[in-house]
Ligand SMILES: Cc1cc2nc3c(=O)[nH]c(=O)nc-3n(C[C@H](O)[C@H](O)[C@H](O)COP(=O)(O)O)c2cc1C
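In the form predicted alone, a lone chain appears below as structure tokens.
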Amino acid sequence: MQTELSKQLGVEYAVFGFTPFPAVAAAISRAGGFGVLGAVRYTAPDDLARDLDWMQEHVDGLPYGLDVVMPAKKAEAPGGQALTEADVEAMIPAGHRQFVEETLAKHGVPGLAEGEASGWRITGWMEQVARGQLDVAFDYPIKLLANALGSPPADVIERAHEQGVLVAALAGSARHARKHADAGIDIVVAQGYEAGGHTGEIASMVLTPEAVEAVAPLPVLAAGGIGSGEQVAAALALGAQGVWLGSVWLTTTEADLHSSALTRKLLAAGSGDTVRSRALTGKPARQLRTEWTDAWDDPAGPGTLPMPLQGLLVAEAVSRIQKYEVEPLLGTPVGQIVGRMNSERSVQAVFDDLTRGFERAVERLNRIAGRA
């Protein structure tokens, strides 16, 4: 499972693992892959620095990267000033806030204790927050910076290249991939419709070869619907130089979901139990289908708000749902590969399974080609 890109980055397997959990990211790198820590949940630079310090101590000198959510265009208030979180909060209609409270009350979700802050508050999409994350990250020997909202701003790409850091951007179509290449990024992550989180409309089997052709000779990583070694082999056969895996790590023993109920739901879910919904962030994101997503997708409701309003609107509600493990509403971003996630395993065990499956696929193809 080695490619030119994996050799360039000094990793044994061309498996790039995205995760919000430092312990998982470090374990991916130690297992021979390339761990990528998601930064979007870090609202305070000191918290990110703490976890990157931990990563440094636990990756055994092996390479790793960081994933941010930075829009190519920044949102501005009148007068050209950057929008603050308070500015955005003020844009949320009262009717939408009422809908949130009514939905929570319908399911008997308790409130947070007085003075207790929301533990789930995605503000990393705001440019000033993401730039603060980068100020921290570039003090560490990261080898890759990935952006989940397209190409990062030109000055960020330039800054990364000055420090010898490769830049990757997620794309849901060949057109998006070409835009990334024109912007000067180094790696395109072709994320198919099956993937967890924000996705486009095109399935991985179609998207991967289209992206490969569109940006050649730039390397492409295949993402979405990949959770076995056979699927890794298929991605490489389509021209990808590696795979980008996210969902499969959610049920590893190193993951810290803070919710046994959520882990049980993931282990019990089938590949048809996810939905692309705007309920979480305002953009279509694949996640477990729940009564929460159903409520927001119901035409009788107020409808979701655009990003970033929706994310701020539901932040406290999501924290309450997670804290009290209200199972009908409890969900998480996850791809259709959740149907294969039937047991808790270590990251190393996942890698062992990936390598065995990859070897089986290669042997099968060699037999078909008459080479075995």
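Heads up: residue numbers just count along the shown sequence, starting at 1. Predicted model only: the values in this text are computed from it and were never measured.
There is another form of this protein, the form predicted together with this ligand, and it is not shown here; the text below is about that form.
At a distance of at most 4.5 angstroms from this ligand in the model of the complex, all three residues Gln191, Ile226 and Val334 contribute at least one non-hydrogen atom. Contact annotation for Thr208: none of its heavy atoms lies within 4.5 Å of this ligand in the model of the complex. The closest non-hydrogen atom of Gly196 lies within 4.5 Å of this ligand in the model of the complex. Using a 4.5 angstroms limit between non-hydrogen atoms, Leu170 touches this ligand in the model of the complex. In the model of the complex, this ligand sits beyond 4.5 Å of every heavy atom of Phe358. None of Val40, Ala317, Leu62, Met307 but one reaches within 4.5 angstroms of this ligand in the model of the complex through a heavy atom, and that residue is Val40. A heavy atom within 4.5 Å of this ligand in the model of the complex is found for exactly one of Ala148, Ala279, Val215, Ile142: Ala148. Here the chain stands by itself, but in the model of the complex one stretch of 54-62, 335-343, 317-325, 25-33, 335-343, has heavy atoms within 4.5 Å of this ligand.
Contact residues in stretch 235-268 (any heavy atom within 4.5 Å of this ligand, taken in the model of the complex) are Trp244, Leu245, Gly246, Ser247, Leu250.
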